[in-house]
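First, one chain by itself in structure tokens, the form predicted on its own.
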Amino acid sequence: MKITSDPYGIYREERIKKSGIREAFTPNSPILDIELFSGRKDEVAKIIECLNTKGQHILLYGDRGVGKSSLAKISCLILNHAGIANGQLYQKRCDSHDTFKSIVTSVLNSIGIESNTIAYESEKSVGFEKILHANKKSKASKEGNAVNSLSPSWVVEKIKDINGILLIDEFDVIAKASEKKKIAEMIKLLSDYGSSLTIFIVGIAETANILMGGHASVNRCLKEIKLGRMNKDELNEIIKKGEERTSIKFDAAVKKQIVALSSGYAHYTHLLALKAAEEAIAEERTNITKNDLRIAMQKAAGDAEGSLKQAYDNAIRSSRKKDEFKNIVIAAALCGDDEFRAVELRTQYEKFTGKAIAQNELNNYFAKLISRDDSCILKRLGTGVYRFTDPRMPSYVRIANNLAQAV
């Protein structure tokens, strides 16, 4: 029976939850279901090969939102599912406060070295660590495990005989370069020993050199895999698997628009597909239409990452000419997902607004919108060449302004 009154959305939520659609499309968390994982077959094969090669370690890097965490975790799951996993999987998701010590703690704990025997010196001794014994009893009970300094060489001596994988995700957020250097030194030493413990690093960066801080000593033992955006077939596969899991059906035109709006980012495919499907399911329909997508775009813009919304709002905020700043940002988004030139932006501006804009007038707006670093929504790459600072921004701008027909 169709419910006509649902002021708190309870019945709507019951239908959506029962459908399982939020397990099929997961924009806010990595894919951990092998059956729902789509694309990336070549990358998975490379990772599995490295994970099974003694002395070889992995660096998986790329732009934000391309699916690095999902790929890393699902590769380890596939390896385990196939019955050829190399020992235990240790996982560490980093934050800005993480250090070499906190990253290796789980591995040390697995061989009986407890983290409560390790303490930092005072803040005056930033960059140095020492090991303190909790008490005499602890010291006596852990004979042979007492540590004089938590150096990479000491840690490697303790863990080199472990069979397993240490997956270090969000490596880029570690604040101190000195801590990253210790990880690099540990990788080199593990490789020198021919250890069966593999270090699997995942992080956001344009180049591997940026992520690892230029530590060339690890190059020979660190397999670098740059993850780019997904192609259209891979994004379509995400939608297809969601359809198969839930028995819903997207109109062909809707699938095409979702893929185009996603611009190679699986996150947007999951987000738009989920929000569109929720609209249909709430009305007890199994067919997702363009109207569902239109509503989904409005909701997806509100659910997008806060940093994207803030950067966009800052760019178009103006006491007098907000619409003009907004139109220029939209025109830039319509230029495509990569770099563009000012003449392309002016062409898109005229198509979108129906009026021309001179280069000198455009330059006045560029003063607020463009920088050579990452402080503005657009970044100058060279004379007359620009791109969005966050490569996900063109998709967000198109979604936020309901421009499905323009892609």
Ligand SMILES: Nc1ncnc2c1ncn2[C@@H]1O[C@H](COP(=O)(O)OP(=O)(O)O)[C@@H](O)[C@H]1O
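All values derive from a computational prediction rather than experimental measurement. Residue numbers here begin at 1 and follow the sequence given.
What comes next is about the form predicted in complex with the ligand, which does not appear here.
Contact check at 4.5 Å (heavy atoms) against the ligand in the predicted bound form: none of Ala273, Lys299 and Met393 pass. Taking the partner from the other structure, the ligand in the predicted bound form has a heavy atom within 4.5 Å of a heavy atom of Met230. Taking non-hydrogen atoms only, Ala266 approaches the ligand to within 4.5 angstroms in the predicted bound form. Using a 4.5 angstroms threshold between heavy atoms, Val66 counts as touching the ligand in the predicted bound form. The ligand in the predicted bound form is approached by Arg40, whose closest heavy atom lies within 4.5 angstroms of it. Residues of just one listed stretch (32-40, 377-385, 350-358, 49-57) have heavy atoms within 4.5 Å of the ligand in the predicted bound form: 32-40.
When you look in the predicted bound form, the only residue of Val259, Leu166, Ala315, Ile238 with a non-hydrogen atom within 4.5 Å of the ligand is Ile238.
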